[in-house]
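First, one chain by itself in structure tokens, the form predicted on its own.
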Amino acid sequence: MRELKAEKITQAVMELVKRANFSLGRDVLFALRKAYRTEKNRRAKTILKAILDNAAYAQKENLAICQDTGMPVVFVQVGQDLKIAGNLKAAINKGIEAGYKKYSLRNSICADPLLRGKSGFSPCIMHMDIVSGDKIELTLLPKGFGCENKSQLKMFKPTSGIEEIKQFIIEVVKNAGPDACPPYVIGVGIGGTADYASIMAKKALLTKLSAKHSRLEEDLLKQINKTGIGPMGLGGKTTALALNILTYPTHIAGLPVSVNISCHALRSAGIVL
């Protein structure tokens, strides 16, 4: 059985903090550039250019892409043949806190959700899965709350039709309007339970924007872009860059559907150790 020291995980998470907050992924940049090239609305085109310039400057100068450096969400896939020498959760949180401090990122986490109080850098949110092999894969998704606050979950009746579900997803985007900094990337989770549908919706944001999309995903994206919300809500045909759906088997008596919206600054970074 392979052994991995917790300290190495902490160092890797610190690096992910830097990569995720300073640089957009190639697929996100490609989608933004395509939107800029194809956008006809002059105001929308100007905004998309500003978004691209901001991303380029942030990467060049090692600055945060957005002042809201988010609630860090870490997806962890642990190989069943890997032994962690130390406390895995503590190592990840240590890396998050050290990375956010080192790179002068915002301390946005309230220790008590009701009393609030002084904010800090941790703990992060972790989702863990056991997989085959002897490696660990870490993916960091810093989730800003301008867009996280627009997330919605609806427990449909099992007899609900696809058009009813589509209308719900479109209405979630319409309700978000300009508030969550479009153009959006939209994650949808369908099935499982209420909690698992919401996890899938967030995990769907990590699907490559360049991945092949289903007819349902393409149709929803087309209808959302017809709303005319546009970049930063000021009009245009680019309300969303992509829409990704993840599904899971569910109970015969239910049909959970969760929608998680990301702003244009869809930030993530991953590593395999």
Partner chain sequence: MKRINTPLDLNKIKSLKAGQEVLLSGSIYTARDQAHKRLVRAIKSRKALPFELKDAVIYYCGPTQTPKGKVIGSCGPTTSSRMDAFAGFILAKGLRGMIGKGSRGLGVKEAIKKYKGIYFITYAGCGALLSKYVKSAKKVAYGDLGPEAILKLEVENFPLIVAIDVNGGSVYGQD
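This structure is a prediction, so every number in the text was calculated from the model and none was measured. Numbering follows the first chain given and starts at 1.
The form predicted together with its partner chain exists for this protein as well; it is not shown, and the discussion that follows is about that form.
Engineer: Identify whether its partner chain in the model of the complex is within 4.5 Å of every residue in the set T139, K202 and A269, based on non-hydrogen atoms.
Structural biologist: No, the candidate spot makes no contact with its partner chain.
Engineer: What stretch, of 193-201, 101-109, 126-134, 163-171, brings heavy atoms to within 4.5 Å of its partner chain in the model of the complex?
Structural biologist: Partner-contacting stretch among the options: 101-109.
Engineer: State yes or no: in the model of the complex, is some non-hydrogen atom of Y57 no more than 4.5 angstroms from a non-hydrogen atom of its partner chain?
Structural biologist: The answer is yes: Y57 has a heavy atom within 4.5 Å of its partner chain.
Engineer: Answer yes if any heavy atom of I245 is within 4.5 Å of a heavy atom of its partner chain in the model of the complex; otherwise answer no.
Structural biologist: No, I245 stays farther than 4.5 Å from its partner chain in the model of the complex.
Engineer: Contact between N149 and its partner chain in the model of the complex at 4.5 Å, heavy atoms?
Structural biologist: Yes.
Engineer: Is there a non-hydrogen atom of T238 within 4.5 angstroms of a non-hydrogen atom of its partner chain in the model of the complex?
Structural biologist: T238: no contact with its partner chain in the model of the complex.
Engineer: Name the single residue among R43, R26, K208, R33 that comes within 4.5 Å of its partner chain in the model of the complex, judging by heavy atoms.
Structural biologist: Selected option: R43.
Engineer: Since the partner is left out here, which residues of 176-194 would have a heavy atom within 4.5 Å of its partner chain in the model of the complex?
Structural biologist: Residues within 4.5 Å: P178, D179, A180, C181.
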